[in-house]
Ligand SMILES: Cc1cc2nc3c(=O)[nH]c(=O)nc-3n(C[C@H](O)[C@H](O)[C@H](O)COP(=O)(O)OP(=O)(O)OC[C@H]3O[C@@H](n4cnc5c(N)ncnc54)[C@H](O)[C@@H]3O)c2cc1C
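In the form predicted alone, a lone chain appears below as structure tokens.
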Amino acid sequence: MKFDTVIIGGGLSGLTCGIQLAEQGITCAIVSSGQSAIHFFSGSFDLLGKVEGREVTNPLESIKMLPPSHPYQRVGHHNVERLAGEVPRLLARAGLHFSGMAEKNHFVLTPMGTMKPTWLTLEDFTCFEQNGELPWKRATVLNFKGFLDFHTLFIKDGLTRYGVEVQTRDIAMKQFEAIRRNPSEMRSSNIAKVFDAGDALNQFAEKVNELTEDADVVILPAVFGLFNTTVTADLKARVKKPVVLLPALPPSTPGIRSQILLRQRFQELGGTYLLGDIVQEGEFKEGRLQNITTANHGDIKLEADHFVLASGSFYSKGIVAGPDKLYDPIFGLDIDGESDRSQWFDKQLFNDQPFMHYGVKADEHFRALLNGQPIENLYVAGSVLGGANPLKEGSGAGICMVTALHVAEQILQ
């Protein structure tokens, strides 16, 4: 099979790159091994939340303080500003609408009842301009009886610190009795499917109204709108008090919905999405990647003019840590990281861990390096790149999408 571009990895970075290329008429295939980190989506995308432990107000200005090896610095400040502006427009074309701007972080409530800075927040969720200032005095946190992935007492504890008086209540409905008998079935995606069917939302809204007469706001787990994108708006219209949704533990309902809509957008543009397939190896000739072999396609090789490695970091096995080495499991590309295992980690668990900065080496054009030489048509995007600690910085989604768009531009030149 022959394509203009083959992208290895079907997560946020791979889909962003694929959509951008497909919108320009490039024939693309995405090879995805399975579920991506989008299934852990909290409802917000971070561009940059902290630098050297200090909270960031203006991510674009604070990017200038990052080291030269950081992916944002390598993309370039002007390009980051331009591409960060393109991201919400690309998402909106896929049916995903966000609030926020790259020049100023806003704040959202976390599942712990605390506030965190972020860049873009899905329209389901509530944004705040200031940290620590909530517009309510009394809140009621509601959960579904038997739903273990939403921790109301943590939320209550967090909100109480902001001076909010909090009540916690459970709601039981016959529509959930069957899945409630088994805790492994009482998950956010299964609850969302019941509401998607349309026969439970009105009854649920009536129960919420009965339980929240004395509250200024109703706080619920984000378990609405898996396939039906109007459910959240319908719920907010039927509940008499303002509704604030908070993320539950994965699988994330808004995350699965986002993955579905991004994938649909890619396929509607003519893209080929190969789900559940694993790239096993590639064939190189004269400094170019000629084709790749996958587990499902066997002898049928995938050929392309360009390839993009967007396979993720350790979590997605984009890079692997063996007993005595770090390696890229597909091509054996050069790794930007220490070879001495004793240097991989800090014994203080909450310190900035060195291994979080490791990734595949790339040149100034984001082309992968093999034995010190760039592969002319193999680009690297997303969290498989080294040079950043997204967990400490609050930069994971931003790096994924900005570098994906930057790589797409390299291919389109």
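One rule holds for the numbers: they count along the sequence shown, beginning at 1. From a predicted model like this one, the values you see are computed outputs, not experimental measurements.
The same protein also exists as the form predicted together with the named molecule; that form is not shown, yet it is the one meant from here on.
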| Site status for the named molecule placed as in the predicted bound form, C-alpha superposition, 2.4 Å backbone or C-beta test | open
| Heavy atoms within 4.5 Å of the named molecule in the predicted bound form: does Phe345 have any? | no
| message | Is Ala84 part of the interface with the named molecule in the predicted bound form - any heavy atom within 4.5 Å? | response | no
| query | Taking 4.5 angstroms as the cut-off for heavy atoms, does Phe227 touch the named molecule in the predicted bound form? | reply | no
| Does the named molecule come within 4.5 Å of any heavy atom of Gly312 in the predicted bound form? | yes
| the named molecule isn't shown here, but in the predicted bound form, which of 260-268, 312-320, 232-240, 161-169 has heavy atoms within 4.5 Å of it? | 312-320
| All of Val6, Gly359 and Ala368 with a heavy atom within 4.5 Å of the named molecule in the predicted bound form | no
| Any residue of 44-58 that, in the predicted bound form, places a heavy atom within 4.5 Å of the named molecule | Ser44, Phe45, Asp46
